[in-house]
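There is one chain below, alone, in structure tokens, taken in the form predicted on its own.
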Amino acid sequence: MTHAGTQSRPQHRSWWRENQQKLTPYIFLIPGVIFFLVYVIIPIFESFWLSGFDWDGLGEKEWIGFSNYQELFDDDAFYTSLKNNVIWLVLYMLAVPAGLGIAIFLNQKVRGIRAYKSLFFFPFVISQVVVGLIFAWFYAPNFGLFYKLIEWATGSGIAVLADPDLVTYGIIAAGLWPQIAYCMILYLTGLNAVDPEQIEAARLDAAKGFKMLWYVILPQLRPATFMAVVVTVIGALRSFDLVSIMTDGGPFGSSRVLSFYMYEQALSEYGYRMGYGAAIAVVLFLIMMVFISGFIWKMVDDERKGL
């Protein structure tokens, strides 16, 4: 018995040594995969399931099938929120080219460039709540800087956050400030990985300016562009915190987005309708997946074609 035990130990150790490099990445991945399953994948399926119930979060669940979706598609507040989310998506995408432009400007070796990088990096590190408060004061009637500038230029100020036609655009402008900084950071990281030999070869072929950017630099920035688009789409579709801080959905519900409307229906004093809130969450998730999946398909297709 002792002899057999001593033989099995070296065999076990030799097997581990042979497979250690293969197994180590998976060992490190297992905790992350478990957390991702528990806190992302399982809640997604639970949201789909919960959207078929009428439930206040405490009492008995009542299965109602697709009734929440039928009510949702007859709900004017839902269409207002959906329209605002589309506006967020379209205008928020400006953060990607703006971040790229600033990153190219900052990707220089000149005196004082670190100070400029810190100034552009600053909006990203502060809380969205702080951003919302800053812009709420910026737009504030009678004493806000934006109000005063418009009053000085035109003779009468504009209360952006009190105007149903302008409020969404005012909040988007506030959201673009940190989002541009985020995209800038992603592109700065990508620019550090650009192959200098390709740059030199392009210069020898007389490529410069826009041609250099389009044909040499941007193809090497595809991973950074993918991340920038994904985080921008996600940021535009959730966009809850700025709406909550700056307007609380007002005036008259005109600045609602789907994530805020979901909160109103599921968790606020307006209803505690968990099933209805889950239905809104499902619609928001499907919209997000359409955009992100489409962009992933485009990137994979470009890679296959060798573009």
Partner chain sequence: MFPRPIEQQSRAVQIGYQIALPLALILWLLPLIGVAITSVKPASDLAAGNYFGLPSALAFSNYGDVFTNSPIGQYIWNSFKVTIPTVIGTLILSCLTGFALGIYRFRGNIWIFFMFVAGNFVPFQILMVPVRDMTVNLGLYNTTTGLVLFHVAFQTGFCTLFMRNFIRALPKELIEAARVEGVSEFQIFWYVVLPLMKPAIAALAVLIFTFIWNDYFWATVLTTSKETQPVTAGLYSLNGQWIAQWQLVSAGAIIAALPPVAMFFLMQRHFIAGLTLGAVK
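Remember, predicted model here, so these are calculated numbers, not experimental data. Take the two forms, superpose them, and find the largest set of C-alpha atoms that agree within 1.5 Å; that set is the rigid core. Residue numbers count along the first chain shown, from 1.
Same protein, other form: the form predicted together with its partner chain, not shown, and the subject of what follows.
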> Quick one: which of 85-93, 72-80, 162-170, 230-238 gets within 4.5 Å of its partner chain in the predicted complex, going by heavy atoms?
Replying inline: 230-238
>> Residues 21, 26 and 145 are flagged as a possible site; in the predicted complex, is every one of them within 4.5 Å of its partner chain by some non-hydrogen atom?
In response: yes
>> Quick check on residue 223: any heavy atom within 4.5 Å of its partner chain in the predicted complex?
In response: yes
> Would residue 212 sit within 4.5 Å of its partner chain in the predicted complex, counting heavy atoms only?
Replying inline: yes
> Is there any non-hydrogen atom of residue 150 lying within 4.5 Å of its partner chain in the predicted complex?
Replying inline: no
>> Since only the chain is shown here, I'm wondering whether residue 193 would be in contact with its partner chain in the predicted complex (any heavy atom pair within 4.5 Å).
In response: yes
> What residues of 176-200, in sequence order, lie within 4.5 Å of its partner chain in the predicted complex by heavy atom?
Replying inline: 177, 180, 181, 182, 185, 186, 189, 190, 191, 193, 196, 199
> For residue 196, is the CA shift between this form and the one not shown at least 2 Å following rigid-core superposition?
Replying inline: yes
>> Superposed on the rigid core, does the Cα of residue 110 end up 2 angstroms or more away between this form and the one not shown?
In response: yes
>> Does residue 28 move appreciably between this form and the one not shown, meaning a CA displacement of 2 Å or more on the superposed rigid core?
In response: yes
